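Single chain ahead, by itself, as structure tokens, in the form predicted on its own.
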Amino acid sequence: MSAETYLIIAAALLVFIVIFQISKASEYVSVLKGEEKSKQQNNRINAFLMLGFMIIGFIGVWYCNHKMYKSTLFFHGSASVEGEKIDEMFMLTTAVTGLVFIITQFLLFFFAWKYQAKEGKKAFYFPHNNKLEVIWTVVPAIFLAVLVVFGLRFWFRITSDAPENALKVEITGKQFGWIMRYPGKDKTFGKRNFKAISDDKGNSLGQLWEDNAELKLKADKANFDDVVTTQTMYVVKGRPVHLIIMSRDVIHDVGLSHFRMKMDAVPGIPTTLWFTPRYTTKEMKEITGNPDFVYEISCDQMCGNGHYSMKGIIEVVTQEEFDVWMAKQKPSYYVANPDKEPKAPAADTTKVPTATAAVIKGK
């Protein structure tokens, strides 16, 4: 820990010791002055302590926000276009609830000081007030309803149909990692079935590569050009990404904090969301000033003993870089069955290039 942290801890301990000593001193005073006078003195001390706690608390909240804001994800803004709207919703919610927090906390501690028990002061009995009940029920209900409407609006947007030019990526969670699948040249994902899953045979997603009469499974040719990768997802800057989210075992959750997105991965129930990256990974390294920056895929749902290690990476690249990367990928069918991969046609040695023929003729 830093010296500043040690100083804060020491100051907190010192404040605790001071309060403890004051309380012990008040006990001794009560013995000397009598119980009634001691009670009034204690009330006065406690009232001022409450007022002091409120002031120190507000200063602490401001200081922590001022000190730590640059370390939060909000300092650099959302890395997705849709996430900007979610940030706006978050800031609106923070503004409304923050204002309520300040008002209620001020009244709580101020009233404890102002209405402390004193000699000759009688408490006012206030049993019920219909108007007050309606105000503090209806007003919060209206504000909360508005916030819920904003939330639903953004939720329906990112879970609705993605734009036609969206890059489709299927992401499947398993204990404890991520599997990504891209459609091949046919732009269609092949069918899959959990009964066909076999890590030993290189079929981690249960793609239907061949007929299986015993399991009553029929092959789907659309699988033959699908590309499967693990842990790292490649997407394109400025191009919508349509995620089809699944799970191979228990409930996981695709957490994309930099893009302000998250969605549960539920066994047997595909879920979807889409977003548009704003910056490439390279650009984000420059924006954050962190040469080791990566877009992280976290599992935001406790899924077992290895939950902490379930981390993936998103590489945001340009369309040209993505095309080059995709051209280097081999369909998962041929990765698992290299003997079935079509062989490249042999070079025709009977045809001599023009330049070479000219050299030969010259000889």
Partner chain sequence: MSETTHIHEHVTSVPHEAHHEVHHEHHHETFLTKYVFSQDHKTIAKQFLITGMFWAVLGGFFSVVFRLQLGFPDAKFPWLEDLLGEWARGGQLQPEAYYALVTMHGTVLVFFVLTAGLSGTFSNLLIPLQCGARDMASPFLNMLSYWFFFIASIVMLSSLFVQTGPFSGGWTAYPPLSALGQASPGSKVGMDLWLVSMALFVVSALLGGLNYIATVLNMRTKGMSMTRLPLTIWAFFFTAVLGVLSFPVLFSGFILLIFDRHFGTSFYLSDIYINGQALPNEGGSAILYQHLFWFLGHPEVYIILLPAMGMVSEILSVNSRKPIFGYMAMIGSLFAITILAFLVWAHHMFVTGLNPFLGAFFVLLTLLIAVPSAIKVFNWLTTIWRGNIRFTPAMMFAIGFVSLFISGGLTGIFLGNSALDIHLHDTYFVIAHFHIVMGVASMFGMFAGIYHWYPKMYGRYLNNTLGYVHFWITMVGAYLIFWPMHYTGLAGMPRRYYDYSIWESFKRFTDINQFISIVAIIVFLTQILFIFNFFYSIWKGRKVTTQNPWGANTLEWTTPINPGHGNWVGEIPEVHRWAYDYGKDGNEFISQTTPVGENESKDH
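Residue numbers count along the first chain shown, from 1. Here the structure is a predicted model, which is why all the values come from computation and not from measurement. C-alpha atoms forming the largest set that superposes within 1.5 Å between two forms make up the rigid core.
Keep in mind that the form predicted together with its partner chain is missing from the display, and what follows is about it.
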Original post:
Though its partner chain is not shown, can you say which of Thr188, Asn212, Ser198, Gln231 has a heavy atom within 4.5 Å of it in the model of the complex?
Top reply: Ser198
Original post:
Of these, Met261, Met284, Ile171, Val236, which has a heavy atom no more than 4.5 Å from its partner chain in the model of the complex?
Top reply: Met261
Original post:
Of the listed stretches (180-188, 162-170, 221-229, 261-269), which one has a non-hydrogen atom within 4.5 Å of its partner chain in the model of the complex?
Top reply: 261-269
Original post:
Using 4.5 Å between non-hydrogen atoms, is Ile244 touching its partner chain in the model of the complex?
Top reply: no
Original post:
Is there a non-hydrogen atom of Ala10 within 4.5 angstroms of a non-hydrogen atom of its partner chain in the model of the complex?
Top reply: no
Original post:
Using heavy atoms and a 4.5 Å limit, would one call Ala47 a contact residue for its partner chain in the model of the complex?
Top reply: yes
Original post:
Quick one: does Thr276 come within 4.5 Å of its partner chain in the model of the complex, counting heavy atoms only?
Top reply: no
**OP:** Enumerate the residues of 287-308 that have a non-hydrogen atom within 4.5 Å of its partner chain in the model of the complex, in sequence order, or give none.
**Re:** Asn290, Asp292, Phe293, Val294, Glu296, Ile297, Ser298, Cys299, Asp300, Gln301, Met302, Cys303, Gly304, Asn305, His307, Tyr308
Original post:
On a core-based superposition, does Lys201 travel 2 Å or more at its Cα between the shown form and the other one?
Top reply: no
Subject >> Val81: Cα shift of 2 Å or greater between the shown form and the other one (core-aligned) >> reply: no
Original post:
If you line up the core, does His128 shift 2 angstroms or more at its C-alpha between the shown form and the other one?
Top reply: yes
